[in-house]
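For reference, the chain that follows is the form predicted alone, supplied as C-alpha coordinates.
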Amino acid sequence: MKAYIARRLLYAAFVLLGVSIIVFFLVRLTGDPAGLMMPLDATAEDVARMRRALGFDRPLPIQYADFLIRAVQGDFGTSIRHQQPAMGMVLGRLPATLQLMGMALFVALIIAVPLGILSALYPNSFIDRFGVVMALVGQAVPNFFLGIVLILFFSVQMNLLPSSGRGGIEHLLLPAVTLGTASAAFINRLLRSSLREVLGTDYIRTARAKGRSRREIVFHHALRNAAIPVVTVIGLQIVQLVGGAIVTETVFAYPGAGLLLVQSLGNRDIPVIQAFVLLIAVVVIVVNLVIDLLYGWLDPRISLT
(Lines give C-alpha, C1' and ligand atoms only; values in the text may rest on other atoms or scores of the structure.)
Protein backbone atom coordinates (compact mmCIF):
# COMPACT_ATOMS: atom_id res chain seq x y z
CA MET A 1 0.00 0.00 0.00
CA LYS A 2 2.76 2.46 0.94
CA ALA A 3 4.62 1.69 -2.28
CA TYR A 4 1.43 2.28 -4.27
CA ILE A 5 0.79 5.65 -2.60
CA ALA A 6 4.43 6.69 -3.10
CA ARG A 7 4.24 5.78 -6.80
CA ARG A 8 1.00 7.73 -7.22
CA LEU A 9 2.53 10.78 -5.55
CA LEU A 10 5.48 10.57 -7.92
CA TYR A 11 3.09 10.48 -10.89
CA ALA A 12 1.23 13.42 -9.36
CA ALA A 13 4.40 15.52 -9.43
CA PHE A 14 4.68 15.00 -13.21
CA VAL A 15 0.97 15.76 -13.64
CA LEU A 16 1.33 19.03 -11.76
CA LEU A 17 4.34 19.92 -13.85
CA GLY A 18 2.35 19.33 -17.04
CA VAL A 19 -0.61 21.34 -15.74
CA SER A 20 1.67 24.22 -14.77
CA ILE A 21 3.17 24.33 -18.28
CA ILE A 22 -0.24 24.26 -19.98
CA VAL A 23 -1.88 26.91 -17.81
CA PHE A 24 1.22 29.15 -17.88
CA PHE A 25 1.31 29.39 -21.65
CA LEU A 26 -2.46 29.32 -22.26
CA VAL A 27 -3.27 32.26 -19.98
CA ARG A 28 -0.76 34.36 -21.87
CA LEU A 29 -2.74 33.80 -25.06
CA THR A 30 -5.62 35.83 -23.58
CA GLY A 31 -3.71 39.10 -23.97
CA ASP A 32 -1.43 41.48 -22.17
CA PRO A 33 -2.65 42.41 -18.65
CA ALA A 34 -0.47 45.53 -18.71
CA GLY A 35 -2.77 47.09 -21.30
CA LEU A 36 -5.82 46.60 -19.08
CA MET A 37 -4.16 48.27 -16.11
CA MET A 38 -3.24 51.45 -18.00
CA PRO A 39 -5.68 54.28 -18.74
CA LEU A 40 -7.11 54.64 -22.23
CA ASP A 41 -4.86 57.59 -23.04
CA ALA A 42 -1.66 55.73 -22.03
CA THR A 43 1.12 55.78 -24.57
CA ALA A 44 2.99 52.76 -25.89
CA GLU A 45 5.95 53.76 -23.72
CA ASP A 46 3.73 53.73 -20.62
CA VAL A 47 2.46 50.25 -21.45
CA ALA A 48 6.03 49.05 -22.09
CA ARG A 49 7.15 50.36 -18.69
CA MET A 50 4.25 48.57 -17.02
CA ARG A 51 5.17 45.33 -18.80
CA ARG A 52 8.73 45.64 -17.58
CA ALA A 53 7.53 46.33 -14.03
CA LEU A 54 5.36 43.19 -14.14
CA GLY A 55 8.13 41.10 -15.69
CA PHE A 56 6.18 40.32 -18.86
CA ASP A 57 8.86 41.71 -21.17
CA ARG A 58 11.15 38.71 -20.61
CA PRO A 59 11.12 35.59 -22.84
CA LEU A 60 8.40 33.12 -21.88
CA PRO A 61 10.78 30.24 -20.98
CA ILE A 62 12.57 32.52 -18.52
CA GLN A 63 9.25 33.67 -17.06
CA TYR A 64 8.14 30.04 -16.64
CA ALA A 65 11.40 28.99 -15.01
CA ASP A 66 11.08 31.87 -12.54
CA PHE A 67 7.44 30.93 -11.84
CA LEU A 68 8.30 27.27 -11.32
CA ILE A 69 11.15 28.01 -8.92
CA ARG A 70 8.95 30.28 -6.82
CA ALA A 71 5.97 27.89 -6.98
CA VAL A 72 8.04 25.02 -5.58
CA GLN A 73 8.81 27.30 -2.64
CA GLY A 74 5.11 28.07 -2.15
CA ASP A 75 5.18 31.51 -3.81
CA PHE A 76 2.66 31.72 -6.67
CA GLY A 77 3.11 35.41 -7.24
CA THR A 78 1.12 38.51 -6.37
CA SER A 79 -2.28 39.39 -7.77
CA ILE A 80 -1.91 42.06 -10.44
CA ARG A 81 -5.28 43.58 -9.61
CA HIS A 82 -5.37 43.32 -5.81
CA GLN A 83 -1.66 43.32 -4.91
CA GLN A 84 -2.14 40.34 -2.58
CA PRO A 85 -0.57 36.85 -2.62
CA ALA A 86 -2.37 34.94 -5.38
CA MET A 87 -2.55 31.60 -3.57
CA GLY A 88 -3.67 33.32 -0.39
CA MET A 89 -6.61 34.87 -2.26
CA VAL A 90 -7.62 31.50 -3.72
CA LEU A 91 -7.27 29.71 -0.37
CA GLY A 92 -9.33 32.44 1.27
CA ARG A 93 -12.21 31.77 -1.13
CA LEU A 94 -11.79 27.98 -1.24
CA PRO A 95 -13.77 27.16 1.96
CA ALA A 96 -16.87 28.79 0.47
CA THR A 97 -16.50 26.72 -2.70
CA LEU A 98 -15.89 23.49 -0.76
CA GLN A 99 -18.96 24.22 1.37
CA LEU A 100 -21.05 24.67 -1.77
CA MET A 101 -19.65 21.52 -3.38
CA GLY A 102 -20.19 19.50 -0.20
CA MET A 103 -23.79 20.67 0.06
CA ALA A 104 -24.37 19.96 -3.65
CA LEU A 105 -22.97 16.43 -3.29
CA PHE A 106 -25.14 15.86 -0.22
CA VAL A 107 -28.22 16.99 -2.18
CA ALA A 108 -27.24 14.69 -5.05
CA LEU A 109 -26.78 11.65 -2.80
CA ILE A 110 -29.96 12.07 -0.75
CA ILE A 111 -31.90 12.21 -4.02
CA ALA A 112 -30.00 9.67 -6.11
CA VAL A 113 -29.30 6.84 -3.65
CA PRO A 114 -32.86 6.17 -2.38
CA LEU A 115 -34.31 6.71 -5.85
CA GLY A 116 -31.72 4.45 -7.46
CA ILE A 117 -32.31 1.65 -4.94
CA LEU A 118 -36.10 1.84 -5.27
CA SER A 119 -35.85 1.94 -9.08
CA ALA A 120 -33.71 -1.21 -9.05
CA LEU A 121 -36.06 -3.04 -6.66
CA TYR A 122 -39.21 -2.02 -8.56
CA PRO A 123 -38.31 -1.86 -12.29
CA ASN A 124 -40.86 -0.33 -14.68
CA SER A 125 -42.83 1.07 -11.74
CA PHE A 126 -43.87 4.69 -11.27
CA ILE A 127 -40.75 5.32 -9.17
CA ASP A 128 -38.53 3.87 -11.89
CA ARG A 129 -40.14 5.98 -14.60
CA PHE A 130 -39.92 9.06 -12.40
CA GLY A 131 -36.22 8.38 -12.00
CA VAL A 132 -35.79 8.12 -15.77
CA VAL A 133 -37.54 11.46 -16.30
CA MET A 134 -35.52 13.09 -13.53
CA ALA A 135 -32.28 11.79 -15.04
CA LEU A 136 -33.15 13.15 -18.47
CA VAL A 137 -34.15 16.56 -17.15
CA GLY A 138 -31.26 16.77 -14.71
CA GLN A 139 -28.64 16.07 -17.35
CA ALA A 140 -30.29 18.11 -20.11
CA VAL A 141 -30.86 21.40 -18.26
CA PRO A 142 -27.71 23.57 -17.99
CA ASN A 143 -26.64 24.90 -14.60
CA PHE A 144 -26.97 28.54 -15.51
CA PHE A 145 -30.53 28.09 -16.82
CA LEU A 146 -31.68 26.06 -13.81
CA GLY A 147 -30.13 28.61 -11.46
CA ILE A 148 -31.94 31.50 -13.13
CA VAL A 149 -35.26 29.61 -13.01
CA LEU A 150 -34.81 28.87 -9.29
CA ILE A 151 -33.97 32.51 -8.59
CA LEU A 152 -37.05 33.73 -10.45
CA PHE A 153 -39.36 31.31 -8.63
CA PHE A 154 -38.02 31.07 -5.07
CA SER A 155 -36.43 34.51 -4.74
CA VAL A 156 -38.37 36.85 -7.00
CA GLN A 157 -41.87 35.34 -7.04
CA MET A 158 -42.07 33.53 -3.69
CA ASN A 159 -39.50 35.64 -1.79
CA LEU A 160 -38.48 32.57 0.22
CA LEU A 161 -34.74 32.30 -0.33
CA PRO A 162 -31.95 34.81 -1.04
CA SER A 163 -30.69 34.96 -4.62
CA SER A 164 -27.08 35.86 -3.90
CA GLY A 165 -24.36 36.13 -1.28
CA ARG A 166 -23.12 33.79 1.40
CA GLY A 167 -24.50 33.40 4.91
CA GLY A 168 -26.59 30.69 6.52
CA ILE A 169 -28.03 27.51 5.10
CA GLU A 170 -30.66 29.53 3.23
CA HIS A 171 -27.94 31.03 1.03
CA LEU A 172 -26.69 27.55 0.11
CA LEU A 173 -29.96 25.86 -0.85
CA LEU A 174 -30.53 27.29 -4.32
CA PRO A 175 -26.88 27.09 -5.46
CA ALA A 176 -26.52 23.56 -4.04
CA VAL A 177 -29.67 22.30 -5.80
CA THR A 178 -28.51 23.94 -9.02
CA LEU A 179 -25.07 22.38 -8.77
CA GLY A 180 -26.16 18.96 -7.51
CA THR A 181 -29.04 18.21 -9.88
CA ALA A 182 -26.93 16.89 -12.77
CA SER A 183 -24.86 14.73 -10.41
CA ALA A 184 -28.01 13.33 -8.81
CA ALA A 185 -29.37 12.33 -12.22
CA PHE A 186 -26.19 10.54 -13.24
CA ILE A 187 -25.63 8.75 -9.93
CA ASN A 188 -29.27 7.64 -9.84
CA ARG A 189 -29.18 5.93 -13.22
CA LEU A 190 -25.81 4.29 -12.60
CA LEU A 191 -26.82 2.96 -9.18
CA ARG A 192 -30.05 1.58 -10.60
CA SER A 193 -28.33 -0.32 -13.42
CA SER A 194 -25.46 -1.51 -11.21
CA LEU A 195 -27.76 -2.73 -8.44
CA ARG A 196 -30.07 -4.52 -10.88
CA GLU A 197 -27.08 -6.34 -12.34
CA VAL A 198 -25.85 -7.41 -8.90
CA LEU A 199 -29.33 -8.55 -7.83
CA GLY A 200 -29.30 -11.02 -10.73
CA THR A 201 -26.05 -12.75 -9.73
CA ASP A 202 -25.76 -16.28 -8.35
CA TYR A 203 -24.75 -15.36 -4.82
CA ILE A 204 -27.83 -13.14 -4.45
CA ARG A 205 -30.06 -16.00 -5.60
CA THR A 206 -28.31 -18.24 -3.07
CA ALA A 207 -28.95 -15.69 -0.32
CA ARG A 208 -32.64 -15.64 -1.26
CA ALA A 209 -32.75 -19.46 -1.21
CA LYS A 210 -31.33 -19.40 2.32
CA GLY A 211 -34.25 -17.23 3.41
CA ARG A 212 -32.40 -13.94 3.83
CA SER A 213 -34.65 -10.92 4.06
CA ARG A 214 -34.77 -8.41 1.20
CA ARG A 215 -33.34 -5.73 3.48
CA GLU A 216 -30.34 -7.89 4.38
CA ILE A 217 -29.78 -8.94 0.77
CA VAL A 218 -29.85 -5.36 -0.54
CA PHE A 219 -27.90 -3.54 2.16
CA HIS A 220 -25.50 -6.26 3.39
CA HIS A 221 -24.72 -8.06 0.13
CA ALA A 222 -25.81 -6.33 -3.08
CA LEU A 223 -25.29 -2.66 -2.33
CA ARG A 224 -21.62 -2.97 -1.41
CA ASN A 225 -20.72 -4.56 -4.75
CA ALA A 226 -23.03 -2.23 -6.67
CA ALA A 227 -21.34 0.76 -5.01
CA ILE A 228 -17.95 0.19 -6.70
CA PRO A 229 -18.83 1.86 -10.04
CA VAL A 230 -20.89 4.45 -8.16
CA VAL A 231 -17.88 5.42 -6.04
CA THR A 232 -15.91 5.90 -9.25
CA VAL A 233 -18.61 8.15 -10.64
CA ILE A 234 -18.84 10.12 -7.39
CA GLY A 235 -15.12 10.80 -7.67
CA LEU A 236 -15.60 12.01 -11.24
CA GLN A 237 -18.61 14.05 -10.20
CA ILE A 238 -16.51 15.87 -7.61
CA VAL A 239 -14.28 16.96 -10.47
CA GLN A 240 -17.35 18.00 -12.45
CA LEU A 241 -18.63 19.95 -9.46
CA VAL A 242 -15.53 22.13 -9.62
CA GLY A 243 -16.41 23.24 -13.14
CA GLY A 244 -20.08 23.56 -12.27
CA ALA A 245 -19.25 25.65 -9.21
CA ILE A 246 -17.63 28.28 -11.42
CA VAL A 247 -20.89 28.77 -13.34
CA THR A 248 -23.12 28.44 -10.27
CA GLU A 249 -21.13 30.92 -8.20
CA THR A 250 -21.31 33.42 -11.05
CA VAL A 251 -25.10 33.06 -11.40
CA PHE A 252 -25.71 33.43 -7.64
CA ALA A 253 -22.89 35.94 -7.00
CA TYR A 254 -21.60 33.44 -4.43
CA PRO A 255 -18.20 34.62 -3.12
CA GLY A 256 -16.21 31.46 -3.74
CA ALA A 257 -13.06 30.56 -5.63
CA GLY A 258 -15.05 30.00 -8.84
CA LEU A 259 -16.32 33.58 -8.88
CA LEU A 260 -12.79 34.78 -8.13
CA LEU A 261 -11.56 32.85 -11.18
CA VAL A 262 -14.18 34.43 -13.44
CA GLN A 263 -13.26 37.90 -12.19
CA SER A 264 -9.55 37.14 -12.62
CA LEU A 265 -10.10 35.97 -16.18
CA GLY A 266 -11.85 39.24 -16.96
CA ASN A 267 -8.99 41.20 -15.39
CA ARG A 268 -6.30 38.91 -16.87
CA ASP A 269 -4.96 38.45 -13.36
CA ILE A 270 -2.52 35.74 -14.40
CA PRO A 271 -1.05 34.82 -10.97
CA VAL A 272 -4.51 34.19 -9.50
CA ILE A 273 -5.56 32.08 -12.50
CA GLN A 274 -2.42 29.96 -12.25
CA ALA A 275 -2.82 29.50 -8.50
CA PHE A 276 -6.47 28.44 -8.90
CA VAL A 277 -5.78 25.89 -11.64
CA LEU A 278 -2.85 24.30 -9.79
CA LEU A 279 -4.82 24.11 -6.55
CA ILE A 280 -7.73 22.42 -8.31
CA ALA A 281 -5.27 20.00 -9.94
CA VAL A 282 -4.06 19.03 -6.46
CA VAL A 283 -7.68 18.52 -5.33
CA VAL A 284 -8.39 16.27 -8.32
CA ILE A 285 -5.25 14.21 -7.69
CA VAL A 286 -6.15 13.71 -4.02
CA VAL A 287 -9.75 12.76 -4.86
CA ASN A 288 -8.60 10.18 -7.42
CA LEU A 289 -6.16 8.68 -4.93
CA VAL A 290 -8.85 8.42 -2.24
CA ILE A 291 -11.25 6.77 -4.71
CA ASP A 292 -8.63 4.19 -5.66
CA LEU A 293 -7.99 3.40 -1.99
CA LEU A 294 -11.73 2.98 -1.42
CA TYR A 295 -11.78 0.22 -4.05
CA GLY A 296 -9.68 -2.01 -1.81
CA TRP A 297 -12.01 -1.37 1.12
CA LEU A 298 -15.18 -2.09 -0.85
CA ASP A 299 -13.79 -5.16 -2.58
CA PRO A 300 -10.75 -6.89 -0.99
CA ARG A 301 -10.22 -8.80 -4.23
CA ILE A 302 -8.97 -5.57 -5.84
CA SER A 303 -5.21 -5.41 -5.38
CA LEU A 304 -3.48 -2.01 -5.29
CA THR A 305 0.00 -2.73 -6.58
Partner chain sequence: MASLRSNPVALVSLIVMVAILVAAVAAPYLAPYDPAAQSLRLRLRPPAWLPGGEPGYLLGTDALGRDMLTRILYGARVSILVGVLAVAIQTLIGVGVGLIAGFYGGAIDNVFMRIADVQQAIPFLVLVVAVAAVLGPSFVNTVLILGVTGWVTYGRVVRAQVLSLVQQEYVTASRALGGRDWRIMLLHLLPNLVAPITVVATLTISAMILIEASLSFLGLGVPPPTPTWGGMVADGRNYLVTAWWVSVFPGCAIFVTVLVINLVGDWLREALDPTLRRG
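Numbering follows the first chain given and starts at 1. Treat the numbers as computed from the prediction; the structure is a model and nothing was measured.
One more form of this protein should be noted, the form predicted in complex with its partner chain, which is absent from this view; the next part is about it.
Determine which one of 74-82, 204-212, 151-159, 88-96 lies within 4.5 Å of its partner chain in the model of the complex, judging by heavy atom distances; exactly one does.
-> Result for this chain: 151-159.
Contact at 225, 230 and 233 by its partner chain in the model of the complex, all three, heavy atom at most 4.5 Å | No residue of the spot touches its partner chain in the model of the complex.
Answer with one of 47, 54, 26, 68: the residue that has a non-hydrogen atom within 4.5 Å of its partner chain in the model of the complex.
-> Comparing distances to its partner chain in the model of the complex, the residue within 4.5 Å is 26.
Is residue 106 close to its partner chain in the model of the complex, meaning a heavy atom pair under 4.5 Å apart or at it?
-> Answer no; every heavy atom of residue 106 is more than 4.5 Å from its partner chain in the model of the complex.
Taking 4.5 angstroms as the cut-off for heavy atoms, does residue 118 touch its partner chain in the model of the complex?
-> Heavy-atom contact with its partner chain at 4.5 Å: absent for residue 118.
Does its partner chain come within 4.5 Å of any heavy atom of residue 125 in the model of the complex?
-> No, residue 125 stays farther than 4.5 Å from its partner chain in the model of the complex.
Would residue 63 sit within 4.5 Å of its partner chain in the model of the complex, counting heavy atoms only?
-> The answer is no: residue 63 has no heavy atom within 4.5 Å of its partner chain.
Within 103-137, which residues come within 4.5 Å of its partner chain in the model of the complex, counting heavy atoms only?
-> Going through 103-137 in order - heavy atoms within 4.5 Å of its partner chain in the model of the complex - the hits are 136, 137.
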